[in-house]
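Only one chain is given next, in structure tokens, and it is the form predicted alone.
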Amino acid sequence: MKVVVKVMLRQGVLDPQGEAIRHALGTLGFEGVETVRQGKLIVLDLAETDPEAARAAAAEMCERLLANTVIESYEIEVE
């Protein structure tokens, strides 16, 4: 079963990579980009066949490894 995990910095946490991207876009002539938030997209292919069990397994992976839950939030999509 395919599981997609999106990990982003929480609102209010400074995003230096996002700011660097915003600055670079301005340098390249892309005007009007006010903010950029940069994150991670993680695609897991799990042997699990039950969608809720796959979601639970992915949530545990996020809590233990994939996301720093102090400064990051995550979303899980089971496909």
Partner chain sequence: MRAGVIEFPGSNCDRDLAVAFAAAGARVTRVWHKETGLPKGLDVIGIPGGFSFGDYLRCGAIAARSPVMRAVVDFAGAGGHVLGICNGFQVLTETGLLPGALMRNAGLKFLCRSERLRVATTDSAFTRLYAPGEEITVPIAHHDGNYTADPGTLARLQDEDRIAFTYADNPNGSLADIAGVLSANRRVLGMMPHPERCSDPRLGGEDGLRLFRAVAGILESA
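If you're wondering where the values come from, they're calculated on a predicted model, not measured in any experiment. Numbering follows the first chain given and starts at 1.
The same protein has a further form, the form predicted together with its partner chain, not shown here; the description that follows concerns it.
Participant: Going by a heavy atom distance of 4.5 Å, is residue 72 a contact of its partner chain in the predicted bound form?
Facilitator: Flag for residue 72 set to yes.
Participant: So in the predicted bound form, is its partner chain close enough to residue 42 to count as touching (4.5 Å, heavy atoms)?
Facilitator: Within the cut-off, so yes.
Participant: Quick check on residue 57: any heavy atom within 4.5 Å of its partner chain in the predicted bound form?
Facilitator: No, residue 57 stays farther than 4.5 Å from its partner chain in the predicted bound form.
Participant: Wondering, does residue 25 line up within 4.5 Å of its partner chain in the predicted bound form on heavy atoms?
Facilitator: Residue-level check for residue 25: no, no contact with its partner chain.
Participant: Check for me whether its partner chain, as it appears in the predicted bound form, comes within 4.5 angstroms of all of 20, 64 and 68 - heavy atoms only.
Facilitator: Yes, because 20, 64 and 68 each have a heavy atom that approaches its partner chain to within 4.5 Å in the predicted bound form.
Participant: Relative to its partner chain in the predicted bound form, which residues of 9-23 have a heavy atom no more than 4.5 Å away?
Facilitator: Result: 9, 13, 14, 16, 17, 20.
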